[in-house]
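One chain is shown next in structure tokens, namely the form predicted on its own.
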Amino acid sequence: MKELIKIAWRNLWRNKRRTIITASSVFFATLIALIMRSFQLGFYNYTINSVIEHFVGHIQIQQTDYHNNPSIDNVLEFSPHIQQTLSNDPEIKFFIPRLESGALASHAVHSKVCIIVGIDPIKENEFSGVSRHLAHYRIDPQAIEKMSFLPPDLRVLIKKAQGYYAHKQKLQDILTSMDKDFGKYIDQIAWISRFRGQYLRPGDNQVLVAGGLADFLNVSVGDSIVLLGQGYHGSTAIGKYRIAGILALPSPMMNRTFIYMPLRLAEDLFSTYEIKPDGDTARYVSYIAVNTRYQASIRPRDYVPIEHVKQRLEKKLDGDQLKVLGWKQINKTLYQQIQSDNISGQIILMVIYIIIAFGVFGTVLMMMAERRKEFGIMLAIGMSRRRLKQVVTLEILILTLMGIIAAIIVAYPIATYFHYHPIYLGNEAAKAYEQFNFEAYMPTQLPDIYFIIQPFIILVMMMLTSIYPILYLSKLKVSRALRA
């Protein structure tokens, strides 16, 4: 076998141009497949993480009727039994209670219906990282007025970027997507647009308001808003609260409607508590969001361990008038959209594979036609057809491995870089993505099992092309080959 490998290797480099062309076709095929699949999986997981892991949770514990009728009256008691059950499960990473209900938010002459989310500030920040969305920059007419250093065309463009920004990088992404010349002035723009605000503390009598809602109500940090709604069992919910900070939430829908406040403050606002016969106070929440130690993903195998945790909680909490739901049940529409897009993406990959397969097959045909006389001579001097077939098969295998290994070496840093530095798709794409309630970022998936699957598919395709040379050599007439 070593001798055959040496012969195959030497044969490849007798015609360097042909070898480089064939290996390059395999290289680009594998590279395109890896990068395309990396962006597909990265986008799906980004979407799932934005909606599931950073807000909804892998699992939710609800009162039986809450899923079909999310009313303030269909709440559940966050009892010691539930807390102990969740705390003792080693596969549960975080669990947080939330109290959600609608209310009318008012300031001066402006009013709008909003969603109040009562949270435990410390646990919520560990669970969903709310503080990461606290606005530190604001582009508004007053800030633009101070940017006299900008050229006139950029001063016109920057008006389209008015709003709140949690990070300087997001501000830079949006501005440079409109015009790359903004990159020269980003430090000055960030300095002028600095914005104050602070995160909630457990005992605060303050709230966090989403940026879009704050703009509609014309409020800022330090202002007060009045909330009016219906409380538990028909009580009136009314309160006045100071704004501690503004949130630049990733979901446009949330950014237009959400107000966060400490859980105890929300319980007092909606009167979601009762005095038990033994004198203890029973406090109620809308649901409990649970994140496991696993990652929510489009791939079915990644959902299996989460499903096991869900089934275990169902058994332990059975009989408490509770319902335990997985993230696929809570977000059926999102999951179905991702599944359909995943299938269409795989179809596109298969089309690419077929196109590339025909291209490579054409190269193999050319190689066999050019080497007809060579094969005839080798057979004439005594080399068996079986060994000649083995040599040609080894040549195709070596070419394939050369292309695949080179593609993996190039694709690995690309997939890693764009995972941590996702591509911002621009303002036009952002408007389209608002329909699905997430930002227009396109990250990649870190190198994973797909870095094995995609090259393996290419390898199988290339080895299938070796069937033709084997059949060709089986029927080759030595006398005709020598006259070629």
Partner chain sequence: MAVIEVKKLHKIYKTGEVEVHAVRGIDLQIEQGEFTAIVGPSGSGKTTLLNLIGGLDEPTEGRVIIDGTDITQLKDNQLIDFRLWNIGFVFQAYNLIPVLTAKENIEFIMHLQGKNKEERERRALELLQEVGLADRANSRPSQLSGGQQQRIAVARALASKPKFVLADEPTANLDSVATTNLLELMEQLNREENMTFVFATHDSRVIEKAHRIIRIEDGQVVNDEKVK
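What we label the rigid core is the largest C-alpha set whose atoms superpose within 1.5 Å from one form to the other. Small disclaimer: the values here were computed from a predicted structure and weren't measured. Residue numbers count along the first chain shown, from 1.
Form predicted in complex with its partner chain: not shown, discussed below.
- Only one of 67 to 75, 165 to 173, 92 to 100, 369 to 377 places residue heavy atoms within 4.5 angstroms of its partner chain in the predicted bound form, namely 369 to 377.
- When contacts are defined as a non-hydrogen atom within 4.5 Å, all of E3, N11 and R385 contact its partner chain in the predicted bound form.
- A residue is said to contact a partner when one of its heavy atoms sits within 4.5 Å of a partner heavy atom; I381 meets this definition for its partner chain in the predicted bound form.
- With the core held fixed between this form and the one not shown, K373 has its Cα displaced by at least 2 Å.
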